[in-house]
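For reference, the chain that follows is the form predicted on its own, supplied as structure tokens.
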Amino acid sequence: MEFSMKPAQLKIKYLTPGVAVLILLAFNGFVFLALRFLYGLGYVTNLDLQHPWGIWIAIDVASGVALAAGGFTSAALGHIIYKEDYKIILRPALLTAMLGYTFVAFAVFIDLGRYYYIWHPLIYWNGTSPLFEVGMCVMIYATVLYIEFLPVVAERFIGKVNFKGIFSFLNKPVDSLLRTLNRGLRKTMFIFIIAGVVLSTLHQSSLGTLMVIAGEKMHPLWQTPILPLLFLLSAIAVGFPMVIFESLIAARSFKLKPEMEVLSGLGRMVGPLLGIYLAFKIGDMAIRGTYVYLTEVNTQSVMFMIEVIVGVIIPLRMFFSEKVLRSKLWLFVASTLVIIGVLLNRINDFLVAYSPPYAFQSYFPSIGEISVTIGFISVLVLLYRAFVMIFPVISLPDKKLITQAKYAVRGGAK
């Protein structure tokens, strides 16, 4: 990373043809979302008593939580391990995680039949329930992410609060509040960063615990006592690929030069992490003897092979290649494959592997479910674009530092 990079607001045009498409997709999703709240889950989804959850849980929640892991992995790398070179990725990763967890919480809200009882876990505790632990951790971690983002908000508005008209009297109090929050968070931020990492490891693994207690309802290829560990390891493994994916997409969308030195460094860590995950997954299969189910040609065995080969083995080999690590295209492809692998893993665990008793038909998502999921993703991208335009999130070359460096070099030459 060059020393002349500094977080700044992006001076770009918000509305583009791509943004217009995302707005249409978001609007379509909100139409079906409105129908869900007006007429109930059964009107919009293909859920029933045998299939109590669908893609709103498998993709919006389980996959969303895993793919937001870039927040805690980058925080651990940049703040706890304290690798200065990687601080350039911290704010974009933090923003992605913050928005991701916000939509995870909202996805849980819309998937509950009695959504108006979502506050119950705060009052009625059930310490034996994995979902209780997941719910509490997600709520607290989402709060921690917003607290971690407060210094970015303070940096943007300190000395620039400018309410007009009848609200002008708020300028000084709001500015003083921002300065006080900024000073306080500088001294205590390490507490929230450590708490965020710890909370992430807890609920990432507990999502696996949820499927362990499903017992014989799950196919043996995925049902294992170490499923919580596999969920955690896969989340850690996908953290850096998600950061690389988001960075390259943002660089292309905003016409910026990607920091390949930083992204290549992240890529070098992915290979060993994927190797550890694969070793535990294959080792577990060997110990339990579940590899015999791969000789059966059915949906479960095919999906398992696609998940492991496309999502783990191929990118594992790619991330050990210097040619891949130095190429924007191949680094993007390798990262995308890891993301697809984790996405398939969560879909397989929650949908493909799950066989409810007494089911008369299989589950397939309705148009409404697909529309809401695509709408959520569209809104997330739209908000990300707005945030990087309002707040100093993405690092850009600092002209002042570059000028100072030039003068220093000239002075040294003389």
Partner chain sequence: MATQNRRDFLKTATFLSASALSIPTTHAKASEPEALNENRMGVLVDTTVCIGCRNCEAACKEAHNLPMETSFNINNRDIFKLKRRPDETSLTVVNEYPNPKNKLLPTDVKVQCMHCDHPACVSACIVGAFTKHKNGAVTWDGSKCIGCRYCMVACPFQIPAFEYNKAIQPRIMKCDFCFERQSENKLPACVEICPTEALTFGKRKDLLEIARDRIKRRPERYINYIYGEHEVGGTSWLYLAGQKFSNLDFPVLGTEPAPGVTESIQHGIFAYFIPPIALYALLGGVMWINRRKNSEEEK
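Numbering follows the first chain given and starts at 1. This is a predicted model, so every value here is computed, not measured.
If you look for the form predicted in complex with the partner chain, you will not find it shown, but the lines that follow are about it.
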Residue within 4.5 Å of the partner chain in the predicted complex by heavy atom, from Ile313, Leu202, Leu343, Ala142, is Leu202
Listed residue (Thr102, Thr209, Gln300, Ser253) with a non-hydrogen atom within 4.5 angstroms of the partner chain in the predicted complex: Thr209
Interface segment, criterion being heavy atoms within 4.5 Å of the partner chain in the predicted complex, picked from 24-32, 62-70, 352-360, 384-392: 352-360
Can you tell me if Thr188 lies within 4.5 angstroms of the partner chain in the predicted complex, counting non-hydrogen atoms only? yes
Consider Glu133 of the chain shown here, and say whether it contacts the partner chain in the predicted complex, taking contact as heavy atoms within 4.5 Å. yes
Taking the partner chain as it sits in the predicted complex, is Gly127 near enough to touch it, meaning that at least one heavy atom pair lies within 4.5 angstroms? yes
Leu41 near the partner chain in the predicted complex, any heavy atom under 4.5 Å? yes
All of Leu47, Asp111 and Pro121 within 4.5 Å of the partner chain in the predicted complex, heavy atom check: yes
Heavy atoms within 4.5 Å of the partner chain in the predicted complex is the criterion; list the residues of 260-292 that meet it. none
